[in-house]
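In what follows, one protein chain appears twice in different forms, each by itself as structure tokens: structure 1 and structure 2.
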Structure 1
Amino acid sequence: MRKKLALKQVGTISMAVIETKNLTYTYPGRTEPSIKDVSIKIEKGEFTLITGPSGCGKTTLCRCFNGLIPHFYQGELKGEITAAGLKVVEHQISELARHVGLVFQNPENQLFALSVEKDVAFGLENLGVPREKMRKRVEWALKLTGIDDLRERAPHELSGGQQQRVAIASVLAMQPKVMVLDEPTSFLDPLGAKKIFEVIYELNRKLGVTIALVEHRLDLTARYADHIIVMDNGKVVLDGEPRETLSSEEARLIGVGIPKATRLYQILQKDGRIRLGNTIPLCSDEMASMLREALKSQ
């Protein structure tokens, strides 16, 4: 896998927005590194899904993208990280934050203001965005995440799902070039989660925001991805195009939650009695239309 990546790097002009080279990081007080020799590239405008078993190093990797590692978390870092053209080790978190927005797994770690509106405006205030422009951006972010009726409420009084929307809105408002989202909808109901993923996808397609999304629930997210990175035990074990990657035997063995539509396709292909097309489906719509064709043509 690494050989293939190395070949890709030679000869092509890199458009990577995020790139790590042989990145190894150990938290203070730990003996074993949480990520080991990770070399990845996330291209400009790409929607990348990062997945893998619990404790595999996904969150740690995300913390490297916006400089939380090594500036906030100490510990031992080897290798290189570049984000939005900046060497992460050499730039402050505040500077990196203009380009790389991170939505945390636990929204309570992110929210602190007295009202939702103030929380969403906070990052913009810090950047010195003019008042009128700030107001517009805050409005836009509140609407898009469906929380404009919560603007006066105190974030700590909200439900987990509502807090997650606020956390997303506050990063959205900054309109960063790269959004890194660590299981951003885990507390949301399925319809709420689906809507948020659609918003993220729209940002990606319409505004060209590069997305790095950490998720276990591939049923909800695989369809949006251009690129999937699978980690296991601190290492990158699969890195490639979603349909191929998710249907590989390795993905199943590692315990990646393969979408059920994809799983049904695999099971039917193995059986062989129903003849299906060759494009591996990632969601129910794709699988349903494939089945419809197969059953009609018989």
Structure 2
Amino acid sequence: MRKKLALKQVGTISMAVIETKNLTYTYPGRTEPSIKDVSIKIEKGEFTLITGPSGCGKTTLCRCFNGLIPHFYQGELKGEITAAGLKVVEHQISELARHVGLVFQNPENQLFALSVEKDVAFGLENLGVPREKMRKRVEWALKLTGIDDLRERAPHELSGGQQQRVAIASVLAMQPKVMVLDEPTSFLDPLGAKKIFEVIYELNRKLGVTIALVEHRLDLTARYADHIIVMDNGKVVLDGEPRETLSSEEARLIGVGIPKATRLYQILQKDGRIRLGNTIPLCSDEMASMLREALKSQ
């Protein structure tokens, strides 16, 4: 059963940029749906984290956000989904791409040009953006993701982290309202992943880009989120504010990778010998700060 937890609103007016109602989807040739009766809202300007065990339907849900489902994968889609005010089933992928950008798990799946600069410009060329405007947007996206010095390099010569930055820049240059990132650091080490998450967070906070991030490494990502959606077996089982959601017993039982700082806090609170306060930490920095304050007052 889905549990709706308290969700911090971004800004003063609630405005869903992505909304699904009773969304169910079954891939062609399969009898069981991959997502079942999913009803969620992602508000404008939010950093939303989507997590859950492998095979729970996270990637399938992301494919619905930009129209890959049902226009590319086809299959059977029931329920409703709107993205940036558009009914996904009524608009083609090319139109939806102007509003919702998708960064894949493996950057090599979306990098194919002979240079970084040409890869970043590719989507704009398809949209028919005038040349001078295209040049400015490419320049802007390269600088914002910190890869302007790589513009002449071939994507296949780059490291995994650099390739992922190129993939993000390629989507960012199209200036979508929403960026959907499907486990974008699964091929990176923790340090490389941390750098990518910092770039994504800056896009959210400085530019107001709505972020929907699929990720299981919550130790690295939970600190950035305004909103977390937990899926299991194709369904949304938890939906709410990160500190409350990740500290729930249900999240642990599902097998979600609860941040170590959150688990340590729960253990110490239960022990009772150290008074840590009521703010549940989501990262080691927060936990360390709380411990320092608690030990000072001992």
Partner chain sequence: MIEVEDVYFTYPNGVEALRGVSLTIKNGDFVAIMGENGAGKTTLVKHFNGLLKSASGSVLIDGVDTRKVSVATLARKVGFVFQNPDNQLFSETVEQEIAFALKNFGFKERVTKRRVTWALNLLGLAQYRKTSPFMLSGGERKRVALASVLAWNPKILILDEPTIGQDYHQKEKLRQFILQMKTQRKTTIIVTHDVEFVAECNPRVLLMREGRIVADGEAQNVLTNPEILIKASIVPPQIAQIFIQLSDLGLPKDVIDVYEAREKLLKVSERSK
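Please read all numbers here as calculations on a predicted model, not as lab measurements. Residue indices: 1-based, along structure 1. For clarity, a rigid core is taken as the largest C-alpha set superposing within 1.5 Å between two forms.
**Request:** Could you let me know which number goes with the form predicted together with the partner chain?
**Result:** It is structure 1; that copy is the form predicted together with the partner chain.
**Item:** Large Cα move at residue 93 between the two structures, threshold 2 Å, rigid core
**Value:** Comparing forms between the two structures, the residue 93 CA shifts below 2 Å.
**Request:** Determine whether the C-alpha of residue 210 shifts by 2 Å or more between the two structures once the rigid core is superposed.
**Result:** No.
**Message:** Using the rigid core as the reference frame, would you say residue 228 shifts its C-alpha by 2 Å or more between the two structures?
**Reply:** No: residue 228 shifts by under 2 Å between the two structures.
**Prompt:** With the two forms matched on the core, what distance in Å separates the two CA positions of residue 192 between the two structures?
**Reply:** Its C-alpha moves by 2.7 Å once the cores are overlaid.
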